[in-house]
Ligand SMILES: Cc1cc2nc3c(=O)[nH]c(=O)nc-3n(C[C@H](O)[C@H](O)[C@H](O)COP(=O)(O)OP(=O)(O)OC[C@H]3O[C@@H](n4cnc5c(N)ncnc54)[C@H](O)[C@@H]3O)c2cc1C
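What follows is one chain in structure tokens, specifically the form predicted on its own.
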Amino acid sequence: MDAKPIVVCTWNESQGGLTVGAEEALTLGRGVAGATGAKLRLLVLGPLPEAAMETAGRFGADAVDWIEDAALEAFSPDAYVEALAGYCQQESPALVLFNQAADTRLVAPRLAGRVGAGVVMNGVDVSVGEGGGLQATASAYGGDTQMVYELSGAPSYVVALSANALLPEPAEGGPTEPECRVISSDLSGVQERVRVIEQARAEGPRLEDADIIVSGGRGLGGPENYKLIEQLAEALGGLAGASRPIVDEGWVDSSQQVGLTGKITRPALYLAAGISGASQHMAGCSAAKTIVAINSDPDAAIFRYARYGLVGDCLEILPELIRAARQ
């Protein structure tokens, strides 16, 4: 009897025709499928992106399953849950992997409840344990620690993978040639219970994709000094970020927040000025290759994470860094 398939679910053409994080989820799914002898499938809801077949093959998928229905052309939680529940009942996957985003938080737990599956959010890894069962590792307590869950007792499992949890790696030995399967679904009777009046739109570069991020915190003293963060970020060719306290106080827009309740980043360089280093903030930047911290408190927690630390007033240090970066 064939092992139950491993399924990576994606929707919305948001990056290269696929949901941001789909390549990471395919990388993880391929590893689980290889360890269990299962097939790896990419499941697409709504319009089939041009990049779907190429990406699926590059990351070693055996098939692309496509659910097409007018109700799936735009994100609609009730319709998406209905379509996914029907798919799971028909195909009986062992594991359904999502990249974790705002949309996923609305869908993954409801899907698990609908089909009686176990669910793990904030996932960073899925592996096969010594007994052959699946284990899901998830971040917990604001990223301070990780929990390992034994996945047993349910017919299938749903895991949402945190952004930047791992690096995407194409399959060794070259791309596969996945078949494309059209999965039927009747969503004509689904009525959305929540109606979106105006869709939020993100414009410009994303913090999650930045190689260099310069972030500021309360140590800047006031909103008028945040311009130093923006100037240094521009001089270094990066993006400006912020800690939650200055976002809550209205200094900058929430789209620039780095942390557990903001953006999860993995830059080559993360420079934090006037940020104490609370665990909630570090959950969004601890994966950076190099962290540089500027803080007037030599005992600030952020120095435990930083490769380089500057003890001093960031209002005195930042102008000098800007001057040096512009030369």
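Under this definition, the rigid core comprises the largest set of C-alpha atoms superposing within 1.5 Å between the forms. Each residue number is its position in the shown sequence, starting from 1. Everything quoted here is computed from the prediction, not taken from an experiment.
The protein also exists as the form predicted together with the named molecule; that form is not presented, and the subsequent description refers to it.
- Using a 4.5 Å cutoff between non-hydrogen atoms, L269 does not count as a contact of the named molecule in the model of the complex.
- The named molecule in the model of the complex is approached by G217, whose closest heavy atom lies within 4.5 angstroms of it.
- Residue contact check for R244: one or more of its heavy atoms lie within 4.5 Å of the named molecule in the model of the complex.
- When contacts are judged by a 4.5 Å heavy atom cut-off, D297 counts as touching the named molecule in the model of the complex.
- Note on contacts: among G46, G262, G29, G60, the single residue with a heavy atom within 4.5 Å of the named molecule in the model of the complex is G262.
- For the candidate set A287, V292, M53, A278, a heavy atom within 4.5 Å of the named molecule in the model of the complex is found for exactly one residue, namely A278.
- Stretch 251 to 259 is the contacting one of 251 to 259, 226 to 234, 166 to 174, 87 to 95, since its residues have non-hydrogen atoms within 4.5 Å of the named molecule in the model of the complex.
- Once you line up the core between this form and the one not shown, the Cα of G116 stays within less than 2 Å of where it was.
- Core-aligned CA deviation for A272 between this form and the one not shown: 2 Å or greater.
- Fitting the two forms on the rigid core leaves the C-alpha of A163 displaced by under 2 angstroms between this form and the one not shown.
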